[in-house]
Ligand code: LMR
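The data below hold one chain only, encoded as C-alpha cells and taken in the form predicted on its own.
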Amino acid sequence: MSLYSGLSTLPPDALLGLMVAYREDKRDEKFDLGVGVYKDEAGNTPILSAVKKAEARMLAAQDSKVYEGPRGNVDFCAHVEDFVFGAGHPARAEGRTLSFTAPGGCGALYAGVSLMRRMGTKKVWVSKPTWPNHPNVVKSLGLDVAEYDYAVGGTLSPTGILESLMQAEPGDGVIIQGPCHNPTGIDIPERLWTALGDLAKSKGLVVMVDVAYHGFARSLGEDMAGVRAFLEAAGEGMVAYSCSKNFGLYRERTGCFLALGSTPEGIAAATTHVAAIGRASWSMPPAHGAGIVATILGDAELRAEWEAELSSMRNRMIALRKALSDALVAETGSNSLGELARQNGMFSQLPITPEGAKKLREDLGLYMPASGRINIAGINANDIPRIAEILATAL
C-alpha cells in the first residue's frame, strides 16, 4: 500500500485549468478574459520602468543576501503604513500599529486569519460573491466560512451587507475587500465603510480589509479613503496589502500585513503572535519585491515615475470599461450593462451562467470562469466589438 493511498485526488483549480486550456487552444480567434493579471495593448504584462530602475539600483548596492528579520524590509513596511494609515496618524507614534512583510497578499491574508484563530475566532465571513482564495485560506486554517450578501444583479446591496453581518457573533472574523472588488468591480462607498466600522466595534467583530488593487480605482488617496474611514470608526482592525497589481510584482510575492489596535499593549502582544505565525509558515519573508517598493517610494523621482505608470494603467482600464460597456449595450439593448462603466478595477461579473460560459469557450473561443467574472485589463481595445458580439450571445 502506498504511503499516500489515504489521500483522495482533489479537483483541479478551475482558473488554472482555464489558463492551460487557453494556451493549448489552436484556434486563430480566441480571447482570454479569465487570467487575473494586467495586460497592455500588446497582450503583455510589462515590468514597470520604475521597477527596472529600482532593481538596477538595488543590484549595484547589494552586498549580502542575509535575512532581513521577521518583519522583513522595515522601510517597505513604513511606506505601506503611510498608504494605509496616513503618514501622520497618531496611532503610529503611540505604538498602536504593526506591519510585517509577507509573501504576497495571500501571505498577509494567511497571517491575518491565523491571528484571528489565535484570538478565538471560529467563523470568518466573506462577501457573496468573493475571490475564491478567501474561503480557501479560511478553510485551510480549520475555520468555518459564512457569507454576507454583497451585490445583487450587478448592484451593491448595503442593506444586505449590514443585515448579514448583524447575524455575526462577537469574535467572528470578517474579510472586506478594499477598492476594486473582485469579482464584481462594485465598491463600497465611504459612508458605508463608516457604518461597517461602527458595526464591527459594537459587535466585537475581527475585521481584515483586503487591499489588492490600490490605485486602480481613482487615485492612491481616494482609493484608501474608505479603508481609513472604517479604521477610524472601528478603532481596531487588520489590513492585508498586496503590491502584485499596482507595482506589477506578481511573481515577487510582495505583500504586507498590518494591524491597528486601541492600546499599545494589545498591539505589542499581537506583534509577537504575527512573528510566530510567520516563523512557522515562511520563517523569513522574501526581500526582493519589498526592496523594489521601498526603493521606489523612497525616491521622489522614481515615485513620480511609478505613479505616472499606475495612472496610465488605471486610465486604460477605465477606457476599456467604457468601450466594452457601450458595445454590450449596443449589442444587447440592455442599459443594465452600462453599469460596467461605473465599476472599478480589473474585474466585472456578467450575468452569464456556467453553462453559458462553457458554450462561449467551446464554440466561440472566449475563455472566462464559470462565475461570469471577466478581466477588463486583459482586453485589447481592437477586440471589443467582436468580444461584445460573442458575449451578447450568452446575455
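It should be emphasised that the depicted structure is a prediction, and the values quoted were computed from it without experimental measurement. Residue numbers here begin at 1 and follow the sequence given.
The next section is about a form of this same protein that is not shown, the form predicted together with this ligand.
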query = Hey, in the predicted complex, is residue 96 touching this ligand, heavy atoms inside 4.5 Å?
reply = no
query = Taking heavy atoms only, is residue 15 within 4.5 angstroms of this ligand in the predicted complex?
reply = yes
ask   = Using heavy atoms and a 4.5 Å limit, would one call residue 148 a contact residue for this ligand in the predicted complex?
value = no
task = Evaluate residue 131 for contact with this ligand in the predicted complex, applying a 4.5 angstroms cut-off between non-hydrogen atoms, and reply yes or no.
result = yes
key: Segment that reaches this ligand in the predicted complex - one of 353-361, 50-58, 28-36, 333-341, heavy atoms within 4.5 Å   = 28-36
request  = Have a look at 73, 325, 246, 182 for me and say which one sits with a heavy atom within 4.5 Å of this ligand in the predicted complex.
outcome  = 182
request  = For the heavy atom contacts within 4.5 Å of this ligand in the predicted complex, list the residues of 339-370 involved, in sequence order.
outcome  = 347
